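Take a look at this single chain, the form predicted alone, given in structure tokens.
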């Protein structure tokens, strides 16, 4: 099974989970049962996949790490500024999500550039400005080849890689990944499809309600 087919199937399975009408969104990705002792009794707990530590530079040449997303609900994706295929559609749709939650301190956005060579912070800044994005609620980030491609496949379950046979030399999927305050994956949505982006916003509202309930 080739790389792109594997991640297409994996992402499709993720998306199938997000279309359920349950009040609580599923936790996606790998999980591991772990035994622990509680009040003298052995109970089985579940350890879910989380987004690991990371460090990038954003569009303002400021270091951005996983700590900046502690306690935040955020939406992640992979793109590059010179992309002429799905990226323009993805980020027009993401802009609608951003505008809905603009100024909400509990919501952030994280767009990873996969063009390691050319998408330096200055170029990302021009891109963000053209979109009409200000401040750091939506971070456009540049990182090393391993840090970007590695976290895409292993942590966000999104296919992103260099491909010399592609006209632009880069290939990626257009999934928007919803991550909760504990850095669990909670949903995946095709960023090129308006109906799935609308579902993303409904699911963000579900997560906000879930977090509000947990705080009581």
Partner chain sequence: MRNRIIYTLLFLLSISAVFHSCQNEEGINYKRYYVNGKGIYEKNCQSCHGADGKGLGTLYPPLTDSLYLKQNKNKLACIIKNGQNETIQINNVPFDGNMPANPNLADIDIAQVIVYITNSFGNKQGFYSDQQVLNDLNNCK
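Predicted model, so just to flag it, every value in this text is computed and none were measured. Numbering follows the first chain given and starts at 1.
Same protein, other form: the form predicted in complex with its partner chain, not shown, and the subject of what follows.
**Student:** Residue 120 versus its partner chain, in the predicted complex: is there a non-hydrogen atom within 4.5 Å?
**Tutor:** Residue 120: no, not in contact with its partner chain in the predicted complex.
**Student:** Please run the contact check for residue 85 against its partner chain in the predicted complex: heavy atoms, 4.5 angstroms, yes or no?
**Tutor:** Residue 85: yes, in contact with its partner chain in the predicted complex.
**Student:** Is residue 145 close enough to its partner chain in the predicted complex to count, meaning some heavy atom within 4.5 Å?
**Tutor:** Output for residue 145 is no: heavy atoms all beyond 4.5 Å of its partner chain.
**Student:** Taking its partner chain as it sits in the predicted complex, is residue 106 near enough to touch it, meaning that at least one heavy atom pair lies within 4.5 angstroms?
**Tutor:** Result no; residue 106 lies far from its partner chain in the predicted complex.
**Student:** To test your reading of this chain, name the stretch in 111-119, 98-106, 67-75, 127-135 whose heavy atoms come within 4.5 Å of its partner chain in the predicted complex.
**Tutor:** This holds for exactly one stretch, 127-135.
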